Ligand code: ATP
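Okay, here we've got a single chain as structure tokens, the form predicted on its own, with questions on binding and movement later.
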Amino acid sequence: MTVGDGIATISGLLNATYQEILIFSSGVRGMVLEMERDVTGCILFDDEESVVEGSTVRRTGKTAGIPVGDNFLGRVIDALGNPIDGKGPINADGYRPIESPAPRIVDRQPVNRPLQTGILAIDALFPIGHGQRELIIGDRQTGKTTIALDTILNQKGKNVICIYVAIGQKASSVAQTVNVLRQHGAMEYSIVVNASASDPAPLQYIAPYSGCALGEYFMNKGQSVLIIYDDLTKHATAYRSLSLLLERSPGREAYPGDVFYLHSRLLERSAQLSDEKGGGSMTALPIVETQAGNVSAYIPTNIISITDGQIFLESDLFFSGQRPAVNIGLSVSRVGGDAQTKAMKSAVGTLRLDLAQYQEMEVFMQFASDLDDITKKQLDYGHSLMQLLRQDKYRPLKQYEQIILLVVGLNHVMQEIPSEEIKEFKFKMLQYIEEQAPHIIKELESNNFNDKIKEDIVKFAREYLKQYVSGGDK
């Protein structure tokens, strides 16, 4: 009857089902998204120019799905599963519907295996476990995608399949992301699903579900999967466009009333499956963009309530040079210590408390003209911890490196070092310990951590500090 903006309305289509694929006489495919008494609303996946009023439309009896298989690893595909990296066709092992029910509670088990990001601030304070859903939230240009990419790079050799879903981004940004993954050898265990800004809204709408279906294929085979949705704000915007064009009534911020369900049915599919179901897992890192740090907007609050914690990135911290710009106060992991190794749990100690104390003091310091020595010392200590948490992008840390740095930082070893030298000091110190005390690394890698190892780490760090301060290693 009508066609435009990626939407076609059809009459006379009997017994069509929700999300069924339709084929137009010109070969264009569409998917049923709206069913009224006499009219069916359908979103179009291909170019709509060949669809004209009066075209015939046929049902296929198939629900929307995507080809799946091991051959997708290392490839860049669109939301329908077609390769877009110019490397030829992909031989699929099967076909999965893009929407499927989430695993039942009895088919799941608690989240208790750590999935390390390689980012000290996150692994120490807001640990992520296999099967968890941890939201990365912050304004634009605060390093959200970088955290996701670092996490992918850190899965090298850990038998985790990574799926990166790009929704509504510039094609050049996605090409850059793929390039970073290739350079670091991460593409061999990764799949990129891209529905770029130039793609029609229907493709942006189904992209995360397609990525999730691919993830479920590997999860059901008993493998571990990490999936990143970058970002769900643009996904909600694409869905809002479709809903308004389908003449659904707008609600808060003009989003349709079911926009919560849009994301909850997607994120609920992430799970740590029980051993009877193969023990596979799918960990989701959805990304959400805020405006001027407004976490209480509609989409952010929706997704915060669906996920198991959030990593909040703050513009002020980012511009002051604190990268990753994680706000310690507003970030949280609702799985907590369950997703940490024993060694890591012991090493973290009072870090969070010390940082909170430092931040309170820093606010107080603005009003105080002269500070006593104890306060100055505490401020220096807090400052050294903040410097310790700074990390270059695409340089994830191994677990033993993180534990050594935490022990050294919390034992006030770096307190006297000028802040601009801490970065150089920490890497040279790690190198020194690797050379002089390989037994420490051996113990930490086999997850042994006790007072004796702690004392050894502090002893070798202080030895190196003496060398460093005397100028022997500058």
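What you see is a predicted model, and the numbers here were worked out from it, not measured in a lab. All residue numbers are counted from 1 along the displayed sequence.
Separately, the form predicted in complex with the named molecule exists; it is not shown, and the next lines address it.
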Problem - 4.5 Å heavy atom contact, Gln399 to the named molecule in the predicted complex - result: no
Exercise for the section: Although the named molecule is absent from this view, report whether Glu360 comes within 4.5 Å of it in the predicted complex, heavy atoms only. Expected result: no
Exercise for the section: Report whether the minimum heavy atom distance between Asp258 and the named molecule in the predicted complex is within 4.5 Å. Expected result: no
Problem - Any non-hydrogen atom of Thr142 within 4.5 angstroms of the named molecule in the predicted complex - result: yes
Practice task
Please state whether all three residues Thr146, Phe318 and Lys393 have a non-hydrogen atom within 4.5 angstroms of the named molecule in the predicted complex.
Solution key: yes
Practice task
Report the residue, out of Pro324, Pro103, Pro127, Gly81, that has at least one non-hydrogen atom within 4.5 angstroms of the named molecule in the predicted complex.
Solution key: Pro324
Exercise for the section: Identify, from the list Asp380, Asp338, Glu99, Glu289, the residue with a heavy atom within 4.5 Å of the named molecule in the predicted complex. Expected result: Glu289
Handout entry: Interface segment, criterion being heavy atoms within 4.5 Å of the named molecule in the predicted complex, picked from 190-198, 268-276, 385-393, 69-77
Key = 385-393
Handout entry: Interface residues of 233-256 toward the named molecule, as seen in the predicted complex [heavy atoms, 4.5 Å]
Key = none
